[in-house]
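We begin with a single chain expressed as structure tokens, specifically the form predicted on its own.
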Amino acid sequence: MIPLDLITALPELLLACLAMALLMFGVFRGDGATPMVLLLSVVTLVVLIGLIALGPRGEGVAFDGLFISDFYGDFMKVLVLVGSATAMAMSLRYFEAEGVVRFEYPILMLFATLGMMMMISANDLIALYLGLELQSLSLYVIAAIRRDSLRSTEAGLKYFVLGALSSGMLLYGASLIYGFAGTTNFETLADVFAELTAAGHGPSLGVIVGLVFLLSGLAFKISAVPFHMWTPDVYEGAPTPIAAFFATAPKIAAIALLARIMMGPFIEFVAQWQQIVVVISIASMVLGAFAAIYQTNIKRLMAYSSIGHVGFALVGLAAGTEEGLRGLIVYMSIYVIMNLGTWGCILCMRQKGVMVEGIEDLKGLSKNHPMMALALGIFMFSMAGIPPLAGFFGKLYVFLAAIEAGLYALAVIGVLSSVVGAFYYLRIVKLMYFDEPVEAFDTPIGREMTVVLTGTSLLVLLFFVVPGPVIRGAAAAAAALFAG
């Protein structure tokens, strides 16, 4: 008979075993094995997507309650795997062109993805930390994978130092919660806090302080204000496909973990943590909208854009309701597709074999590369929230949830921030279609990039035609978390 733990955590166990097998293969074959390791890594992630999406695993806990499997976790894991697999597929041509082909980077991306999946299914503060650190340690290394680049080394060092600080804050918060509640298990914590509430007692000061530190550590991982300071420098300094990876999969995992904690063990204290989330959301939306206006480097612009998008996603979490969680999941589903497509376009910005990152380099793109300009235009309009593109529906669902929860000021500030943010998205469209061309980008862009740009742009453009699968999936995922 197959042990229940093995069935519940089958995707994670498979990923761990295959990542270690590929590591051994790379060690014996050397850097020449990189294309094969990368291909097998992408295939592994695609197989896991199929296993999670189609496999009848159901709900369950494993490893003495440290790990939980439910539909909410499965839905978010699919988003993470899609982001990881696409970012990995887009990376090989870049590293070959830059002459930095190392078999370690796809392996590290696999281990980071494993950490993200463990984060999403964490059912205990200890399991949460293990998954978070497995992801973080891998990301620190791949941020600085270009050892001959000063910018890449600086990015990795900044990420490591600030990441260590955030981990310390998170651990301190977890220790306070354990000290005052006597447990680290999410389900037991929920029972303890429910009993306190039923008895008419509010949370103790120690639990509230611990929750603040826990939120601060997780806010760093999603690059929410005021813990965003690492994001622009790391996105600019890290290799472009690695920055694309940072902007998608880790964001999904950290948001999913944050929602599981707030909507799970701490749902009884929604009045306390809602205030913190509202402030972080407003600060992220406003800073993301205004700071990006003055950027000249498109990777830094995308960093501030991601900070703003996290603020919009947190609007759904701040609602503290099942509708708010559904809106958050819909928003992150659309976010990952928009960002993968946009970063794909950025990876195609190459002149005479050299990557360029200036926003001014996009001038007249519609005349030199009309299809690429069309795709990037779709993504920019979608990120600005222009109907009927997918980005509009993402914002619509989180704002509706905020209004239903009575957070009118938050919804109004979100709409105004979206209007300000539309300026720098539309400026890129203006450069591409109304300015005189500069030096043309290299062609061809590669088959894998053509597939990514075509697929993501069609999903964003035609989302309003068939929104049902994402909406229904998000609703079922939110219901699963609240039912648990």
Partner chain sequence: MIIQALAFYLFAAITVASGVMVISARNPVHSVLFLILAFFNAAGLFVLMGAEFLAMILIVVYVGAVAVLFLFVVMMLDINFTELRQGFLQYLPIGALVGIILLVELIAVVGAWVVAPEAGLATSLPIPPPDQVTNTQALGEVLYTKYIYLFQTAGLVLLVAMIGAIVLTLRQREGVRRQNIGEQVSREATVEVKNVPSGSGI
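Quick caveat, the model's predicted, so the values are computed rather than measured. Residue numbers count along the first chain shown, from 1.
Omitted from view is the form predicted together with its partner chain, to which the following refers.
- For the options Leu66, Val42, Leu459, Val438, the residue carrying a heavy atom within 4.5 angstroms of its partner chain in the model of the complex is Leu66.
- Residue Ala144 is the only one of Leu365, Leu214, Met76, Ala144 with a heavy atom lying within 4.5 Å of its partner chain in the model of the complex.
- A residue is said to contact a partner when one of its heavy atoms sits within 4.5 Å of a partner heavy atom; Pro388 fails this definition for its partner chain in the model of the complex, lying far away.
- Contact annotation for Arg350: none of its heavy atoms lies within 4.5 Å of its partner chain in the model of the complex.
- Contact annotation for Ala475: none of its heavy atoms lies within 4.5 Å of its partner chain in the model of the complex.
- Proximity of Trp273 to its partner chain in the model of the complex: non-hydrogen atoms within 4.5 Å are absent; the residue sits far from the partner.
- Contact here is defined as any heavy atom lying within 4.5 Å of its partner chain in the model of the complex, and by that definition not a single one of Val277, Met285 and Leu410 is a contact residue.
- Exactly one of the stretches 325-333, 201-209, 214-222, 338-346 approaches its partner chain in the model of the complex with heavy atoms within 4.5 Å, and it is 201-209.
- For the partner-free chain shown, Phe180, Ala181, Gly182, Thr183, Thr188, Val192 of 180-194 come within 4.5 angstroms of its partner chain in the model of the complex, judged by any non-hydrogen atom.
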